[in-house]
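Below sits a lone chain in structure tokens, taken as the form predicted alone.
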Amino acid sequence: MASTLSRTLEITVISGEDLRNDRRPIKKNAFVVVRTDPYNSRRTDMDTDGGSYPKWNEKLVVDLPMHAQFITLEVQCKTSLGDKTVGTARIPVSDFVGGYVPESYLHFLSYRLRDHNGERNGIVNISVRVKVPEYASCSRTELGIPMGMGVAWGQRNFGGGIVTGVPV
């Protein structure tokens, strides 16, 4: 379980596009490694028949330290010589945390991959959601506050309360 020093992310690695190994389309065995820090990483299963357009549709749950500014996605493929990095994307945390959307908003994102020389080498498609901690239920009716009553129930209250809005 994530502590107050981290938040939990649900990253669904959806697919890849135009992945190449030494400028040739990869044939099979592509997978993705998601790193949030040097000590925390998860990986997808291998796509054995997607070629240079693999599909994973795999949800990975990772802890993201509060101080982290980037997460790293590495698309790799298994070769006869071992695992080879096809391309890497560094994703700013600010792309899915903060702003005007709720914290648990589901973001669909696509990122350009770069190979070890910095050259363009395909695209990775993901979705990201920050998991909001589930607290014990504390709805207004369970706390004994009738629905429709303001926060200062029992006092002179003229429709007050807390209003949350999202700019459109």
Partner chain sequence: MGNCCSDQAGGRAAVGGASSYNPNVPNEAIDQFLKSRGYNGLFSQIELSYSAADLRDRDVLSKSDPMLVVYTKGRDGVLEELGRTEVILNSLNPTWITKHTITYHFEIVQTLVFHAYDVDTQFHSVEVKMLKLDEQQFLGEATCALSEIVTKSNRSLTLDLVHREESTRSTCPRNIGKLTVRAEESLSSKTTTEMILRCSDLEYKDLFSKSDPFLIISKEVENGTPIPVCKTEVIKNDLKPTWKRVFLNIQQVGSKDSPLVIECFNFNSNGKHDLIGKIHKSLADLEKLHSSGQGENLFLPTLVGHDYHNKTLKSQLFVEKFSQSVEHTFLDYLAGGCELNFMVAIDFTASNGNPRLPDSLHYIDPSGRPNAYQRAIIEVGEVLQFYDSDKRFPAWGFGARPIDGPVSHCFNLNGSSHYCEVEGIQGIMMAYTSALLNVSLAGPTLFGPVITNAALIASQSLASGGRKYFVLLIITDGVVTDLQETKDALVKASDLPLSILIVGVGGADFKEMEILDADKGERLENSTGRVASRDIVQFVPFREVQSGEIAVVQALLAELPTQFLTYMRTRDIQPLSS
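Positions refer to the first chain, counted from 1. Remember, predicted model here, so these are calculated numbers, not experimental data.
What comes next is about the form predicted together with the partner chain, which is not displayed.
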query = Applying a 4.5 Å heavy atom distance criterion, does Ser104 contact the partner chain in the predicted bound form?
reply = no
key: Interface membership of Arg114, the partner chain in the predicted bound form, 4.5 Å heavy atom rule   = yes
ask   = Just to confirm, Asn125 within 4.5 Å of the partner chain in the predicted bound form by heavy atoms?
value = yes
request  = Answer for Lys55 alone: is it within 4.5 Å of the partner chain in the predicted bound form, judged on heavy atom distances?
outcome  = yes
key: Residues Ser15, Asp95 and Leu109 all lining the partner chain in the predicted bound form, heavy atom within 4.5 Å   = yes
